[in-house]
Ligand code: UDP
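Single chain ahead, written as structure tokens, the form predicted alone.
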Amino acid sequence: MEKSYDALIVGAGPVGCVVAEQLAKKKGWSCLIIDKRDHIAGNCYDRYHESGVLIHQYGPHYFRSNKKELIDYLSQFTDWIPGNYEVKSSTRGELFPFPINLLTLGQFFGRTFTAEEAQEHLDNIRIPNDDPQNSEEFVLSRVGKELYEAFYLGYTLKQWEMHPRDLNKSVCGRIPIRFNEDIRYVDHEYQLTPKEGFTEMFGKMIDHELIDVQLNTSFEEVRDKIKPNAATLYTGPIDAYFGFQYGKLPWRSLDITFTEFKEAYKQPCVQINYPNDHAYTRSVEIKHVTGQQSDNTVISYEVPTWDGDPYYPVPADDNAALFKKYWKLADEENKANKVYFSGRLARYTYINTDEAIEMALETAQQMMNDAE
């Protein structure tokens, strides 16, 4: 006779781990986490490369947050080290600080700027548009044609295989323009990385007597076999759950290769973007973040593709409309069978790790409230 569980958690990524931890600790529910991969932590999974260097298997994760309560929650499962997140963009044969700031503008235009002078300069070169309808119009309205073509156009074409004019303005709207000399990639109050890595952190999170984990197991394998007593959390692609009955939601994926170098560091910073050169969009030397001491290093190179694991939902209006049709089904499934849909794959949304964990905490609370 198979063991009975209160909750079935589909997906051992950040959302699945957090929800399982909350349900086990606060509700006393027995939880089974399944994942089709052979590891936990989802795309946050980090591992030791054959050379001994800790790498981020699915691309870099720069953990940041403005919420102390989120840091306090995760601190139960990890110690922290500062997150050294500095990114440069390679264009015109030079490396420029990115996102664009006063140092970027000074280097690009060959003069120094005060904040006021930089704003005036951008006002003079930007293409005014009070209601930009897409990413191209949005960026042109902020920085003008020359900066757009140097830093944004080529990168976007490679990343999405779509022209910025065909993408929602939110795609490039996430990238700030700074009128200071802050070279950090992000400006959140807390910029930290788990001292022993993300996999270790999530492993400690689900190290609980009421939580079982079954890897190399797809949802399809257990869907008709395991019927939880209370609820199911589904964190996989929402269209797959419903048999793609309205068609597939498109995702961009990444082909990531890792190359070892026999030197302590190869790059001046963790990430270099290549908007105009190479097939890859960026190279990442995560050692700058992990703080690992070694005589060798590993750099990952990312080439966007339509094939492979889903990474980035494609932010176009027709895809948003298709998702809404699936979300209506998800709402009906929740009411009928207590299935909860959470995480980037189930919500067809691009979220950072902190946002995924916040979403998971909210989902867990909703599951517990509904069980009252």
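Computed from a predicted structure; not experimentally measured. Start at 1 with the first residue shown and count on from there.
Not on display, but discussed next: the form predicted in complex with uridine-5'-diphosphate.
- Checking Ile100, Val284, Val171, Met201 against uridine-5'-diphosphate in the model of the complex, a heavy atom within 4.5 Å turns up for just one residue: Val171.
- Note on the partner interface in the model of the complex: the residue among Asn273, Thr232, Thr78, Gln191 having a heavy atom within 4.5 angstroms of uridine-5'-diphosphate is Asn273.
- With the partner omitted here, the stretch from 219-227, 144-152, 261-269, 237-245 that lies within 4.5 Å of uridine-5'-diphosphate by heavy atoms in the model of the complex is 144-152.
- With respect to uridine-5'-diphosphate in the model of the complex, the three residues Tyr58, Ile256 and Trp306 uniformly fall beyond 4.5 angstroms at the level of their nearest heavy atom.
- Taking the partner from elsewhere, Tyr312 is found to have a heavy atom lying within 4.5 Å of uridine-5'-diphosphate in the model of the complex.
- Taking non-hydrogen atoms only, Gln159 approaches uridine-5'-diphosphate to within 4.5 angstroms in the model of the complex.
- When uridine-5'-diphosphate is considered in the model of the complex, Ile71 lies well away from it, no heavy atom lying within 4.5 Å.
- Although the partner is absent from this view, Ile175 contacts uridine-5'-diphosphate in the model of the complex, with a non-hydrogen atom inside 4.5 angstroms.
- Looking at 349-367, the one residue that comes within 4.5 Å of uridine-5'-diphosphate in the model of the complex, counting any heavy atom, is Tyr350.
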